[in-house]
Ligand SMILES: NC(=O)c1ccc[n+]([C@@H]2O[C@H](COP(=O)([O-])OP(=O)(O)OC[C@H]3O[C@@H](n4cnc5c(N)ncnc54)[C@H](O)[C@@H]3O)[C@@H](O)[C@H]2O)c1
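The chain below stands alone and is given as structure tokens, in the form predicted alone.
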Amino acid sequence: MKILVVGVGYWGPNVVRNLVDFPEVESIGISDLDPAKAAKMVAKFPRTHVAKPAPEAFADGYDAAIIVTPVDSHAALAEAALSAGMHVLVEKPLTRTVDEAKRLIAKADEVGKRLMVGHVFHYKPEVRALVDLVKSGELGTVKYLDSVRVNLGLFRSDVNVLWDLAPHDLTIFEAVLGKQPVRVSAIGAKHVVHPTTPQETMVYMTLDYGDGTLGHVHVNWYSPVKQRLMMVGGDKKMAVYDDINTAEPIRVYDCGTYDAVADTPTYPALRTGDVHIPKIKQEEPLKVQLREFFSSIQEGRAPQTDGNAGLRVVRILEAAMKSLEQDGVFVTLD
């Protein structure tokens, strides 16, 4: 296959680095508004060449396009690539609006091409381990998910911290729970002055799944420390996923409360037991994601994180933005 990578700013170079390891990738065109960035990639990686600027490059016979540009450009570039007969992988979030996401899904169906969104956390071995824990029943019924994703920067002017960081958590929540929230609430603040386009730098988002299950996401660009911590509370056991702790990313705690009727007359009676650290085989999630993209093309099927997966995340983000504008009132998801 001949692959076109559009955008080699922050994340694009990682895409190129992984692409060269796939034997089915015959050549890699690199398209960027800054020709010097494209030339730098070509000098570093084999089987690469400088491509024309997009969308002009879409007419040059590539089989697939990987779009790694600011989110406001995703919809137009992806639609043009699909119209040119290319399979398309778009970095997260898929689009800026629900309507744009729906149009891309319809266009991909119309032309018979694969549309995939880069929800890279879906492909992390640690997340798959969390999903397996839940599916096995070891944690029992999940009652809540609580995530903290904070650091100092990177401050962006095109999107706020919610659109930048929260898609990772929403991807994980969906994988773990296998369902969507029915309503969402969000409050935030703009703690850093920007000369032209002020954006929220801190957001707290609550997701109500309608059955007593709650999700909570705290994202922040203005933190003195970097944290990537998620708690999954089950009624049998609980798990903590620390994405920064590469040696022991997941701990499973045999703790909680006793059944007030069946186990003990005293309530609440706390129960504490062993801590289990599962062994997780590591593989770079971006490589797994690209492998899924190519497999979906070769097998003629939808990828695991297809356009509809991207639409579901954008729908939540769009509702959360409405809540932000209304001081945190719950907004029902359509």
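What you see is a predicted model, and the numbers here were worked out from it, not measured in a lab. Don't overthink the numbering: it's just position in the shown sequence, from 1.
From this point on, the text means the form predicted together with the named molecule, which you will not see here.
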| query | finding |
| --- | --- |
| Location of the named molecule contact in the predicted complex, chosen stretch of 42-50, 25-33, 273-281, 296-304 [non-hydrogen atom, 4.5 Å] | 25-33 |
| Listed residue that, although the named molecule is not shown, lies within 4.5 Å of it in the predicted complex (heavy atoms), from Ala64, Val68, Val288, Ala309 | Val68 |
| Interface residue in the predicted complex among Glu100, Glu126, Glu91, Glu79, criterion: non-hydrogen atom within 4.5 angstroms of the named molecule | Glu91 |
| Ala175 within 4.5 Å of the named molecule in the predicted complex, heavy atoms | no |
| 4.5 Å heavy atom contact, Val8 to the named molecule in the predicted complex | yes |
| Touches the named molecule in the predicted complex: Met202 (any heavy atom, 4.5 Å) | no |
| Lys113: touches the named molecule in the predicted complex, heavy atom cutoff 4.5 angstroms | no |
| Any residue of 166-195 that, in the predicted complex, places a heavy atom within 4.5 Å of the named molecule | His168 |
